[in-house]
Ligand code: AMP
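Only one chain is included here, represented as structure tokens and corresponding to the form predicted on its own.
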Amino acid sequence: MSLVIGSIALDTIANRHGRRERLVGGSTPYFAYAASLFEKPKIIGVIGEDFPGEILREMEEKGMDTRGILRERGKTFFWEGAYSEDFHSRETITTELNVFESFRPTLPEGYQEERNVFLANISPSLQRDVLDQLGKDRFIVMDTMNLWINTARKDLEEVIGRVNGFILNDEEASGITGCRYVMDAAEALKKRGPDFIIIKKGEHGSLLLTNQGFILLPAFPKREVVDPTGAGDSYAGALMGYLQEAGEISPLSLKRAMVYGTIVSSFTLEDFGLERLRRLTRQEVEERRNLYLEMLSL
């Protein structure tokens, strides 16, 4: 099983398709639902008294290990945002940390020995706390966000030097490295220590850089986007879930994992919040993957 540590939230989202209030969100649920298509992820996070119990039950029914989710007195982390008409930007209207403000991740017994670990975009200091609790010879992949790039650069640079892989978007890669071009940013990040770098470019696909070279994959073409929230986290979840299922880490398995990340994240766009992932099946994923591979063939 893979292990994921990150935020669990309730989101209110507005865009040209309407407004949805208090949807389950945060980096961890998107990752976990995507990963559960391939394996049974273990989850570390914190929720408040207002978090819907039916979602926890659904997670368990899908095989996710929720023992690491703490329910504390108070309210769940809350975020409200509004997207521009073309989805190229979004405005944060409200952020309420609530129980997440005092969250200090502690790994339950047995969690420390999980080999595949994903550090979602919590603060670098919390990511470092988790690293200090893990055993040796772990395969650790991280994410980040602009907030930590701007406010916790020293801690972030330390964590980057301790992980095997780094998944981030092109804006974040440029913010860390100062590089204008994606390939330059990937090379600069790889020199900081990770074995591989994946830079997501939204509708323009993603790039993988390893010691063996690089690969560029396009996005799966979508005529309509309902809600892009969580697409990057579901990309990471599918990627890590496939690597767990494959049982190996190699340039070839990483490329195949990127394909699954691309496909699963394309489904996330089709409905608000987690709704499409909640009803997504592995058969649907494989059917779209076959279409995608046919699209790439020459």
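Numbers follow the displayed sequence, beginning with 1. Predicted model, so just to flag it, every value in this text is computed and none were measured.
Beyond what is shown, the protein has a form predicted together with this ligand; the following relates to that form.
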query: Single option in P228, G175, G202, P105 placed near this ligand in the predicted complex, where near means a heavy atom within 4.5 Å; finding: P228
query: Contact residue in the predicted complex, from V130, L168, I122, L209 (heavy atom within 4.5 Å of this ligand); finding: I122
query: Any non-hydrogen atom of R90 within 4.5 angstroms of this ligand in the predicted complex; finding: yes
query: Contact of T95 with this ligand in the predicted complex (heavy atom, 4.5 Å); finding: yes
query: This ligand contact in the predicted complex: F31, any heavy atom under 4.5 Å; finding: no
query: Proximity of F77 to this ligand in the predicted complex, heavy atoms at 4.5 Å; finding: yes
query: Which of 232-240, 31-39, 255-263, 60-68 sits within 4.5 Å of this ligand in the predicted complex, heavy atom basis; finding: 232-240
query: Neighbours of this ligand in the predicted complex among 10-30 [non-hydrogen atom within 4.5 angstroms]; finding: D11, G25, G26, S27, Y30
